[in-house]
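Read the single chain below, which is given as structure tokens and is the form predicted on its own.
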């Protein structure tokens, strides 16, 4: 099919292009309680062709682009018409002129994942067993679950010589935990694995079951005020996404961010833990064919790297880094138990925890939190958290314990003082 696409592009005299081919195998299973309700397998091949058109307008040079999906069953006339339409559409896109990534034909890169070497069905079965192994009581149970085991091979070819391919794995899905007493409560949880860390997954499910029981007992919000707030697991990842977004080349080029290498982006005065963030290469290339390798984003609170898509890197006059979707953060030196010796509000579940990368505002409605007043720990639900990261980033304390997922490998928890919590009034 790729040969047909290239021939059609040549026939149309389209000389600047990029082709993405993604071949995937997947197994999907749906469970009601422990019973498998549905299972299916899929094998797909998807093609996306991006065409680029260099032109001048009012004395300025531009590169327009347009992308179109194509499929193997297309007739030659239909394929050419799709490409011709996309090329015409590119003439209306007035991006400043830029080149494509240059490269050469490279040997395919096999997956290094621990899932490789087994079929999607085998990996799916192992993950399902780990999830349901966490059930140990009758009063709280896994109501339902859906699991997806995906193996795909990606190939990128462009008109500047790039021809690379690589294999990846991902096991992901969600499960619903239900507790019937003292209140009927359901909690929803997601997971995503690039490695078969099944013991970690089983512990996460067990912890989620405990928290679901605690959610069934919680019936009041915390009092409104300012707290030392502890965030954990995926919420730490969401919080730190602020720095990844602010250092993206597209944000910097469009002046949505003033970040620059060498800038103390965590503030000039750090009273907590200085932040180091590594951009992790989850694949050998990104989908534009840029080679990926681990890069230091922040070191001790100082920005080291502007990163992003080749077009915006070219505009900024920097090396095209490619697009990253995973980070690694060194753990702190403070055990979580040490953080909890003083009064705190540990929020473990939100309705939707969000991080605004423009304003630095973070917050969400509390579904379950543990409130320690210096004497006793209570479960609370309701109310909300509202904070501005640039105002508190210098006092963040990170846990010694580690959390790992497909997107995030770093401290399990972060403690932040003096965060506003909206809750009930009164003593």
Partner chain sequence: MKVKDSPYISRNRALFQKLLRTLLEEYPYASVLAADSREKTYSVNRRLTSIRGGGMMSARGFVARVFDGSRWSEHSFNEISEELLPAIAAQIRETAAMSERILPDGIRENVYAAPDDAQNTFRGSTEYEIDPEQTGDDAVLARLREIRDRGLAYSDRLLDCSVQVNWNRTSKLFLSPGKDLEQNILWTTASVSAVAARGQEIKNSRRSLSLLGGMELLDQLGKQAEETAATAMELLDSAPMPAGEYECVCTPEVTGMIVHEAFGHGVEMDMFVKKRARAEQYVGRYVASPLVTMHDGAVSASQTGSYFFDDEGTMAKDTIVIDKGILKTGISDYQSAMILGTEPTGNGRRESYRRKAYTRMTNTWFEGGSDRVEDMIASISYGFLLEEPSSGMEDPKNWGIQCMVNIAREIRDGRLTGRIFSPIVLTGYVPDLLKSITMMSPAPELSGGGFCGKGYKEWVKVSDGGPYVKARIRLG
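Positions refer to the first chain, counted from 1. Because the structure is predicted, anything quoted here is derived from the model rather than measured.
Keep in mind the form predicted together with the partner chain is missing from the figure; the text below concerns it.
The stretch that touches the partner chain in the predicted bound form, counting heavy atoms within 4.5 Å, is 312 to 320, out of 277 to 285, 105 to 113, 339 to 347, 312 to 320. Of the residues 293, 325, 271, 188, just one reaches the partner chain in the predicted bound form with a heavy atom at 4.5 Å or closer; this is 188. This chain is displayed alone, yet in the predicted bound form one of 402, 61, 378, 39 has a heavy atom within 4.5 Å of the partner chain; that residue is 39. Interface membership of residue 367, defined by any non-hydrogen atom within 4.5 Å of the partner chain in the predicted bound form, is confirmed. Proximity of residue 398 to the partner chain in the predicted bound form falls outside the 4.5 Å heavy atom cutoff.
Interface residue remark: residue 166 is not counted as part of the site for the partner chain in the predicted bound form, having no heavy atom within 4.5 Å. Not displayed here, the partner chain is approached by residue 74 to within 4.5 Å at the level of heavy atoms in the predicted bound form.
Every residue in the set 44, 129 and 258 has a non-hydrogen atom no more than 4.5 Å from the partner chain in the predicted bound form. Applying a 4.5 Å heavy atom cutoff to the partner chain in the predicted bound form picks out 128, 129, 132, 143, 144, 146, 148, 150 from 127 to 152, in order along the sequence.
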